[in-house]
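Two forms of a single protein chain come next, each set out by itself as C-alpha cells; they are called structure 1 and structure 2.
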Structure 1
Amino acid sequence: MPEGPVPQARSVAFRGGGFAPRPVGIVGPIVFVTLLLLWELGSRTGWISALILPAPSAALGALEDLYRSGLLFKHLGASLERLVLGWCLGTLAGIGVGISAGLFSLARAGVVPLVSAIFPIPKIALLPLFIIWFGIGEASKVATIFFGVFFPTVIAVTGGIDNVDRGLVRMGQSFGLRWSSVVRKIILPGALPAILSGFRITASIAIILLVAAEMIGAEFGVGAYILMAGNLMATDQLIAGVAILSALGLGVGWLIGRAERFLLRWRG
C-alpha cells in the first residue's frame, strides 16, 4: 500500500499550571501611591474636608514633628516591647498546647471544649479583670495580648495537625519509623503551613489588642498617642498614628513572609 504523508508533530499547550500565586510586586505600590495621590488631590481641591480627613502631607508633617520631638521612638518602643512579649508568650504556649491537643486524645478532650468556650470572648473585655489581677502597668497589657494570641494559635496548630495527610503517616509507620520520628519528620512539617498562616492572624489580633489596651491605660504607646490625638481633635496626628500601625503591620507581615519562605522551602 502507498505510504501516506507523515503527520506533522503538533505541540500541545501545557495545562498543568494555574492555582499558584505569581509575585507581581509592582501592582501593590502602584495602587497604594495612586490612592495617596487621589487623597492628596481631594484634600487640596476641597473635595475632602481637612477637618474630617487631613491630607497625607499634613499627616506626614505630624509624623515629622513626632520624630523631631523624640516621642516617636518612645511610643513605638513601648508598643513593640508589649507586642513582642505578649505575642511570643502566647504563641509559644499556644504551640505547646496545640501540639498536645493534636497528638493526644486525652489532651484534646480537655483542651478543645475549653478553647471553644473562651475563644469567642472579646479579649479586650477581659482587660478590666486583668487590671484587677495584674495592676495598671505592663503586665495587664501583655496578658491581654497573650490571651488574644493563645487561643487562635491552639486552633491553628490543632487544625494543621488534623489536616496532615494520613497516608503519609501510614507510609512512615510502614517503613518502621518511630512515633517521635513520625511526629518530627511528617506531622509537624505537614502542619507548618497552617501554623504559619495562623501566625499572620494572631499578629493582626495582637496589634488590635495592643492599641485597645494602650488606649485604656498607658502613658506611652501608639494607642495612647492615637487616643490623645483624638481627644484633641488633631486629625493629622491621628492619621499619623494610624500610619505607624499600618507600617508596623506591614513589617510584621514581611517578617512572617520571610519565615514562611525559609521554613517551607522544602515544598519547592
Structure 2
Amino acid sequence: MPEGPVPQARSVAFRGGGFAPRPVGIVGPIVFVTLLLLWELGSRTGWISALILPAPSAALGALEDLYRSGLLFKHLGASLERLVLGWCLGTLAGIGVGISAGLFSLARAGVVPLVSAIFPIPKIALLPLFIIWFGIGEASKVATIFFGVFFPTVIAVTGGIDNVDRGLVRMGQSFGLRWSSVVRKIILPGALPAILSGFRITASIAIILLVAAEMIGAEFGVGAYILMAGNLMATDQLIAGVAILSALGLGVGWLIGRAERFLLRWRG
C-alpha cells in the first residue's frame, strides 16, 4: 500500500449527522418541575394573582381535601363506571360495524358516508337531544361517551382492515384457506395494530367527553366536580380536577401501551 510522502494529504471533511433529535430523557421532567416551581413562585410572590391562576400548591391542597373528604373515590368511581361502560359498548359496536364495513362493499357503502357525516358533530350540541332520548340518568352519560367512541372506532377498524397487506390475503386464498380462516387469521391480526392505536384515540375522546357527559344531572363524577369548580370559580379545585383527568388519560394510555406490547410483541 502506498504510504510514501504524498503531497497534501487531507482528511475528508465531516458533513453528516444532525436532523435526528432524540428525547433527552432528563430534560422533560426538568422542564416540568421548573415550570411548576416558577408558577408556584409567581403565585407566592403575587406576580400571578390567585384570580388568574391558583398556585400548584393550592390545587394540590384541593386534591388533598378531596381525598380526605372521601369524595375523590366517589367521583372517580362514578366517572370510571361511565367511562368503562361507554367505552366498552362503543368499542364493541364500533368493531362490529367496522369489520362489516371493512369486508363487505354494501355495508361499507351504507356505513362510511353516515359515519363521516355524523362523526364531526360536536357532542355538546346534541346534549339537549340526549336528555330527551336517554333521560338524565346514567343512560345519557354513557350514551354521550358511546357515541364519542363508536364513530372513530368504526373508522379505525375499517381503515385497519383496508391496510392489511392484500398479498397476505392472496397467499391465504392460494393455499385454499376457508373464508373464515382468512378473516380470523390474516385480516383481523393484520388490522390489530390500527385497531389498538384507534383505542388510544377513543380513550382520549372518552375522557374528554366526560365533562360534557356529566353536564347532565350528575352529582358525582370528575367531570361534575370540574363543572362545579368552574361554577363556583374555585380555580384550585378546577385545576385539581383537570389534573385528575390528565392522570386518568396517562393511566389509560399506559394500559393500552401494555396491551400493545403484549399483543403486538411480534413487531419486536
Partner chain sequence: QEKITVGALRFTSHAPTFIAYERGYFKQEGLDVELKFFQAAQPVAVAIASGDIDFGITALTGGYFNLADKGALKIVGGLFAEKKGYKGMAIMASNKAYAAGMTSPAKIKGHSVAITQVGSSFHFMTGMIAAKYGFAMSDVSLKPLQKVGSMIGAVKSGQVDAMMMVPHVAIPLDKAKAAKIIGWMSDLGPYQVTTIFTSTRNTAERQVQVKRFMRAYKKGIADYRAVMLNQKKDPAATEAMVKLIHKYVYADRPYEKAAPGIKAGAVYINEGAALDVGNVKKQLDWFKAQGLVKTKMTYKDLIATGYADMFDVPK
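All figures in this text were calculated on a predicted structure; none of them were measured in a lab. Take the two forms, find the largest set of C-alpha atoms that superpose within 1.5 Å, and that set is the rigid core. One-based numbering along structure 1's sequence throughout.
Chemist: Please identify the form predicted on its own: structure 1 or structure 2?
Modeler: It is the first structure (the form predicted on its own) rather than the second.
Chemist: For this two-part rigid motion, what is the smaller part's turn angle between the two structures, in degrees?
Modeler: Comparing the two forms, the smaller part rotates by 12 degrees relative to the larger.
Chemist: What's the distance in angstrom the Cα of Gly42 travels between the two structures, core superposed?
Modeler: On core superposition, this C-alpha lies 3.5 Å from its counterpart.
Chemist: Please state the CA displacement of Val31 between the two structures in angstrom, with both forms fitted on the core.
Modeler: Displacement of the alpha carbon, after core fit: 4.4 Å.
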